[in-house]
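Read the single chain below, which is given as structure tokens and is the form predicted on its own.
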């Protein structure tokens, strides 16, 4: 099919692809970030953002501003754009757009279940949930005592239901089990999304395979680093890795037996695309790893816009906008806490 998309793609997808490319032009540039990093107060940040697409969302907010307000309003803009695109999408693009939100659904489920375990107020937890991952019965998650109840009472009617087959156990929910549940769900979700994109074929399959493989590999590295020194066995760790990606299968075998960050680094340096990420880090250091992965992801997402007639631009745009919101949150926090010397530590420039 590859090469023939140009004949029929624009019948259903042309308008929305043009819209999403227009949205991409509104992403903040390096010059915007440099100006934001000079700001002294959150009101200065608001004033600078008033000249961008975030202006209408922040203009009626009273002073003094809070970081949460800035992030909330910027996320609201993303949600509005997403809903507007979803309303106008036809199959298979509408299903593709829905897949993009499943990751947020998983995060919301884990947030509610963990918060309930620590006896936090459900209403307070719901306010912290990502708006793209909301579903009707999310508030009732609080009643579940174990995985089986969680599935039977709440999740059976949500799009996450098929992903739960691997992690339904009668074990009580505790911090360790919840973290394993999150990673098992993410593994099932990424594999399902990967299969869906392969089925679509053409440029969508080609570009999304690369982006999802990168996501799967990043999760494998993070799972390995976070499980060093815990009671998670090698076999359990191996089960949490997705069954695709550049590291699959031989890299996974080596990661499963890694005991420290330097062994993880030795495994990753065998793969040229990841060599450059680890070359930025000094030995034994993992704090800057997230930023290095984000920078590599942003590069790949920007490349998705270089081709036409494919759906990966929608995935790329949503991810770039989410990265932009993370950047704004970090800058706002640094300004609010008077830590301007650290403002460049976690900002990932998009253009």
Partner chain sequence: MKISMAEEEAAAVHGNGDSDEKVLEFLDSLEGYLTLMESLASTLRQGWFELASARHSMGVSRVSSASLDLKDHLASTYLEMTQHEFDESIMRQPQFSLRKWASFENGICSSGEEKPDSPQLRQRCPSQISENQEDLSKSDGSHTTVDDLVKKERSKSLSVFGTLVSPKLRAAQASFETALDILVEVANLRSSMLSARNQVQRGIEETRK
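Residue numbers count along the first chain shown, from 1. Every value quoted in this text rests on a predicted model; they were computed, and no experiment measured them.
There is another form of this protein, the form predicted together with the partner chain, and it is not shown here; the text below is about that form.
The partner chain: the contacting residue among 128, 83, 234, 148 in the model of the complex [heavy atom, 4.5 Å]: Spelling it out, the residue with a heavy atom inside the cut-off is 128.
Among 76, 134, 122, 176, which has at least one heavy atom within 4.5 Å of the partner chain in the model of the complex? None of the other options qualify; the answer is 176.
Partner contact for residue 12 in the model of the complex: the partner chain, 4.5 angstroms, heavy atom: No, residue 12 sits far enough from the partner chain in the model of the complex that none of its heavy atoms falls within 4.5 Å.
Heavy atom of residue 118 within 4.5 Å of the partner chain in the model of the complex: Contact check for residue 118: yes, within 4.5 Å of the partner chain in the model of the complex.
In the model of the complex, residue 158 touching the partner chain (heavy atom, 4.5 Å): So residue 158 does not count as contacting the partner chain.
Using a 4.5 Å heavy atom cut-off, state whether residue 342 contacts the partner chain in the model of the complex. It does: once the partner chain is placed as it appears in the model of the complex, residue 342 has a heavy atom within 4.5 Å of it.
Thinking of the partner chain in the model of the complex, which stretch from 274 to 282, 209 to 217, 149 to 157, 109 to 117 has heavy atoms inside 4.5 Å of it? Answer to the contact question: 109 to 117.
Whether 330, 334 and 346 all lie within 4.5 angstroms of the partner chain in the model of the complex by heavy atom: Every residue of the candidate spot has a heavy atom within 4.5 Å of the partner chain in the model of the complex.
Could you list the residues in 297 to 313 that come within 4.5 Å of the partner chain in the model of the complex, counting only heavy atoms and keeping sequence order? Residues within 4.5 Å: none in this stretch.
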